[in-house]
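In structure tokens, the next block holds one chain alone, the form predicted on its own.
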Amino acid sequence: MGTEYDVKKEVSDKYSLRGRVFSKLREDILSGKYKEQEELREVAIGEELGVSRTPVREAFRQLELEGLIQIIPNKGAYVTGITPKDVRDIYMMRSLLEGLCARWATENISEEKMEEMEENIYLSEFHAQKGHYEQLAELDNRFHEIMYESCNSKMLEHTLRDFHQYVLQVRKKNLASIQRGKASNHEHKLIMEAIKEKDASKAEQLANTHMINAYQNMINHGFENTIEDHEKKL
């Protein structure tokens, strides 16, 4: 498998081999490469990533702690992934934490990051007019990353990045309409203006509302039915 992803090449002093295997598997689960209830096989994954079974087994334990897989003794490891209820919970928590992030970003953002945020809005408006969904989704992601990087809290940044990653696939679908893409960018612009004006309370309120609107948009497009179907099975 010479063309497969070689995780050993990614190893650095900063990250352990187990950490790299964990990050790759988590990314694959969240991106949908592995489906819900699919079995993860240590040997096959070890061969694919070019590592022994030990770091794979250790990564499995960490993935189980995050609730992304379930390890059943004498049977194997099975993907649980992110359920529709998880997505709802994450958006509700994000609405509060993104508001806090916007407040702290208002107090700590650098001139360089402020300029990048303004450029992000400008480019987003351009691609929204052209109907470039993929670029719009990338710029949407980057807007939130700029806020995270500007809040001056590694703990809050880490938490929000994890939440952001968990619902990435859902968010891409959420932005796959020009109406929501334009609305989302307008909300970003209002947040940016509040941050630029150093109005922390307004920035917090706008960022909170932005997350609620994003989730409400999913409900309006049928996501609520997905949640109800899932919960009937529980």
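None of the values given here were measured: they were computed from a predicted structure. Between two forms, the rigid core is the largest collection of C-alphas that superpose within 1.5 Å. Note that residue numbering follows the sequence shown and begins at 1.
One more form of this protein, predicted together with another copy of the chain, exists but is not displayed; see below.
- Per the 4.5 Å heavy atom criterion, another copy of the chain in the model of the complex is contacted by stretch 65 to 73, the sole one of 44 to 52, 179 to 187, 65 to 73, 195 to 203.
- For the marked spot (E58, M155 and T159), a heavy atom within 4.5 Å of another copy of the chain in the model of the complex is present in each of the three residues.
- For the chain shown alone, E118 is not a contact residue for another copy of the chain in the model of the complex, no non-hydrogen atom being within 4.5 angstroms.
- Though the partner is left out of this view, K85 does reach within 4.5 Å of another copy of the chain in the model of the complex, counting heavy atoms only.
- A residue is said to contact a partner when one of its heavy atoms sits within 4.5 Å of a partner heavy atom; R20 fails this definition for another copy of the chain in the model of the complex, lying far away.
- Taking the partner from elsewhere, Y34 is found to have every heavy atom lying beyond 4.5 Å of another copy of the chain in the model of the complex.
- Only one of the listed residues (I146, L123, A137, L97) places a non-hydrogen atom within 4.5 angstroms of another copy of the chain in the model of the complex, and that residue is L97.
- Looking at 80 to 107, the residues that come within 4.5 Å of another copy of the chain in the model of the complex, counting any heavy atom, are T80, G81, K85, D86, D89, I90, M92, M93, L96, L97, L100, W104.
- Core-superposed comparison between the shown form and the other one: the C-alpha position of P73 differs by no less than 2 Å.
- Once both forms are overlaid on the rigid core, the distance between the two CA positions of E36 between the shown form and the other one is 2 angstroms or more.
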